[in-house]
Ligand SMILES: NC(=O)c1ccc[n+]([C@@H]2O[C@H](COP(=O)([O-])OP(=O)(O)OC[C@H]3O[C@@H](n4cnc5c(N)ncnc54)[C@H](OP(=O)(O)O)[C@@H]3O)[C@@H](O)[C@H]2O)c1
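Coming up is one lone chain in structure tokens, specifically the form predicted on its own.
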């Protein structure tokens, strides 16, 4: 019952897609700070490599960069091959890589639809499929492996912006989480989702010109999310403390979804 046992992730091998910035970086930092080895991915190799070096030095831990495009099956195959060559098994898969697209309904493009759905939904399914054997290697009934899919409160609420494919994709992520949880729990792999609200990120920042003040004011907690908020929740889900939580979509949004009378936009 001691806290160091309940939330211990020391020595675990973690994969965080899109782990070099935003929420992905926050989750990566949380695992590194607590003794895990973390593999991170992104499309742009130079900033990814630099971020892995920076995080490794900051937390005196091993952060390994694998540049690839996870919106394609070829990219997923390459990523899986790289992990398989380096590890006999992994403990946690954090499906965080994502994209957004905003256009008026009348002009919304097929490009904007497909780009978002491919990265936000297709990659979660096929990457989980491809990494399942590595997740099974270390999985036991007492210490199951974990998959966390990063959804969004935009998949629960009607979004404030015209991001039709994004909100649809995140609703799909939440339901896919339940479907995968039902299948994989039998193999001691637990699948859950986190639906973040507003956190500082390139994606949200571009929509609000990096001014989060009005978003913070509209939030019941009167602030946006912090690295501790999202990393702590991810560590809970992956630790002994979260080993009986299956198929859930947990909001991390300061109360936006569940508190009546609060809505962005």
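Residue numbers count along the first chain shown, from 1. Quick caveat: nothing in here was measured; it's all calculated off a predicted structure.
Absent from the display: the form predicted in complex with the named molecule. The rest refers to it.
Engineer: Report yes if any heavy atom of residue 222 sits within 4.5 Å of a heavy atom of the named molecule in the model of the complex; otherwise report no.
Structural biologist: Residue-level check for residue 222: no, no contact with the named molecule.
Engineer: Using the partner position in the model of the complex, report whether residue 176 sits within 4.5 Å of the named molecule, counting heavy atoms only.
Structural biologist: No, residue 176 sits far enough from the named molecule in the model of the complex that none of its heavy atoms falls within 4.5 Å.
Engineer: May I ask you to check whether residue 59 falls inside a 4.5 Å heavy atom distance of the named molecule in the model of the complex?
Structural biologist: Because no heavy atom of residue 59 falls inside 4.5 Å of the named molecule in the model of the complex, the answer is no.
Engineer: Against the named molecule in the model of the complex, would residue 70 count as a contact residue? Criterion: heavy atoms within 4.5 Å.
Structural biologist: Although the named molecule is absent here, residue 70 would touch it in the model of the complex, with heavy atoms inside 4.5 Å.
Engineer: In terms of non-hydrogen atoms within 4.5 angstroms, which of the given stretches 166 to 174, 185 to 193, 103 to 111, 84 to 92 touches the named molecule in the model of the complex?
Structural biologist: Of the options, only 166 to 174 has residues within 4.5 Å of the partner.
Engineer: With the named molecule left out of view, which of 127, 135, 180, 150 would have a heavy atom within 4.5 Å of it in the model of the complex?
Structural biologist: Selected residue: 150.
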